[in-house]
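In the block that follows, a single chain appears as structure tokens, in the form predicted on its own.
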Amino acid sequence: MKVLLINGSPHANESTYTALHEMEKVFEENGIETQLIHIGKDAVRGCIACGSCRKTGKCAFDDAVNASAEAFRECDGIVVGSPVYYASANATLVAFLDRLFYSTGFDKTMKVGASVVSARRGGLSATFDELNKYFTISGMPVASSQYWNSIHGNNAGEAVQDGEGMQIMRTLARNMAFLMKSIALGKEAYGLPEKEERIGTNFIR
């Protein structure tokens, strides 16, 4: 089994990484492979709604999005981590996720998703909610912990002092590992849920 971890912070080894790394250790204990990608400093532009990906199967802009697409396809779960900027995720990460989820046409049903957020003080819940929407629009179960998946600290040294936040990350990783393994067993026994042909309803007639 494999989990893809996305670090959306421009500071590759600070608070967001501290949260993700705490999860990495638990995944390793559970025999789950991890791959960590840092995209916070990458030059990632937003989606321009050109529709090219529907014809070619990849984004028209050949950057970190296309480079990460195969890892996303192969993973059983994905964890997206972001610092909080103005009660929102890092804009680079949002652009990356918009294009990654839209340009990858493979079925994401039952891949497990989780988001983790870090902040000096506030804006965590809004950012957490923002990131989870990528999973819930894609048929992906969302892993939970014992509290919202957040950690406080202005840097890595402060983040490790957030005992509750670090525990939340460990609990989240254990819950996610259990969920991925349970889904794998369920797929063997029952297959994936039946899909209906998609209905798209516009509000303007």
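All residue numbers are counted from 1 along the displayed sequence. Computed from a predicted structure; not experimentally measured.
A second form of this protein, the form predicted in complex with a small molecule, is not displayed here; the remarks below concern that form.
> Does the small molecule get within 4.5 angstroms of any non-hydrogen atom of Val84 in the model of the complex?
Because a heavy atom of Val84 falls inside 4.5 Å of the small molecule in the model of the complex, the answer is yes.
> Would you check, heavy atoms only and a 4.5 Å threshold, whether Gly105 touches the small molecule in the model of the complex?
Gly105 lies outside the contact set for the small molecule.
> Using a 4.5 angstroms cut-off on non-hydrogen atoms, would Glu14 count as touching the small molecule in the model of the complex?
Yes, contact at 4.5 Å.
> Please run the contact check for Arg120 against the small molecule in the model of the complex: heavy atoms, 4.5 angstroms, yes or no?
Taking the distances in the model of the complex, the answer for Arg120 is yes, it comes within 4.5 Å of the small molecule.
> Can you say which of 93 to 101, 131 to 139, 108 to 116, 76 to 84 gets within 4.5 Å of the small molecule in the model of the complex, counting heavy atoms only?
Among the listed stretches, the partner-contacting one is 76 to 84.
> Going by heavy atom distances of 4.5 angstroms or less, which of Asn154, Thr56, Gln167, Gln161 would be at the interface with the small molecule in the model of the complex?
After the contact test, the surviving option is Asn154.
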